[in-house]
Ligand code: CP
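Quick setup: one chain, the form predicted alone, written in C-alpha cells, and binding and motion questions come after.
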C-alpha cells in the first residue's frame, strides 16, 4: 500500500491489519516512535475540526512533526501545478494528507508525489471516516461479514466510501434517501462486481428494519448551501429519530460522522442516547489514521 486514497484500493487483509493496529494504538497512546524524525504535511482546502485535530495529534503521538498547510499559500493548480507541488513537497516531507474538494486533486497529487498520500476527504469519498466507523462497529460487537448497515440520507462522499467498503467485506448495506440523491452509480457497479450486497432504497423504514447499524449525515454538505431549503424539504422523512429506530435491531448502534445538525437529520435525543456511538466514532478517527500513517510512513 503506497497511498490511502480509497477503500476500494485496499484489500480485506490490509483492512483487518489496520483495524488490529488501530485497536493496539488505542489501548496505549504513548511510547510510539513510528514517525520519529519525520514531517507530515496536512493540506487543507476545506475547514475542519476532526480531520485537523486528529491528524495533528496522531502525527505527534507517533513521534513525528505535523505541518499545517492551507491553499491560501499553495493555491494548488493556480499558482503552481499539482504535479510540481507533489514533486517539491516530496523533497521536503515524508507524507501528505489532503482534505480537498475535487477528488482529482487527491489522485493527481498521489500520481506526482514520491511520498505517501492520504485522502482526508474529497467530494467523492471519505475513506478515513468509514475506516474509523467500521472500527467502531467492531468495538460494539458487530461482525463486518454479517452486520446490516442502513445509511439514511444523502448519497454523499461518506455513503460512497461505505459502498467501497461493502465491496471488500460481506456486510449488507442499505442506502435510503430521496430519489436523485443516490450514491455514485459507477461506485455501486464496481462494488457489486466484487460481490457487494448493496441496495439503494427510497423508504427509510425498509432500510432500517432489523438493521444492526443506522448511519446518517448532514443533508447539506459544504459547498451545497444554496440547496439547503430544497434539501431540507426532500430529506425531512429521513430523519433518524425514535420512531425510525423502533424498526431496527434491539441492539442497534447509531453513527453520524459529524458535524451534526441536531433536529434535522438526527434528533438530540438519539445523538445523546444509549444507542449512540457517535463520539466513540469521532475518537476512532484518531486511532485508525494513526494506524494508516504508521503503516504507510512508519520507521518499521
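Numbering follows the first chain given and starts at 1. Computed from a predicted model, the values in this text were never measured in an experiment.
From this point on, the text means the form predicted in complex with the ligand, which you will not see here.
For the ligand in the predicted bound form, the listed stretch (125-133, 71-79, 86-94, 171-179) containing residues with heavy atoms inside 4.5 Å is 125-133. Of the candidates 258, 57, 67, 36, 258 is the one whose heavy atoms come within 4.5 Å of the ligand in the predicted bound form; the others do not. Proximity to the ligand in the predicted bound form, defined as a heavy atom within 4.5 Å, singles out one entry of 31, 274, 47, 268, which is 47. Contact annotation: residue 99 falls within 4.5 Å of the ligand in the predicted bound form, judged by heavy atom distances. At least one heavy atom of residue 51 is located within 4.5 Å of the ligand in the predicted bound form. Looking at residue 290, you'd find every heavy atom of it more than 4.5 angstroms from the ligand in the predicted bound form. For residue 222, a non-hydrogen atom is located within 4.5 Å of the ligand in the predicted bound form, even though that partner is not displayed.
Although the ligand is not shown here, in the predicted bound form the stretch 275-290 places heavy atoms of just one residue, 285, within 4.5 Å of it.
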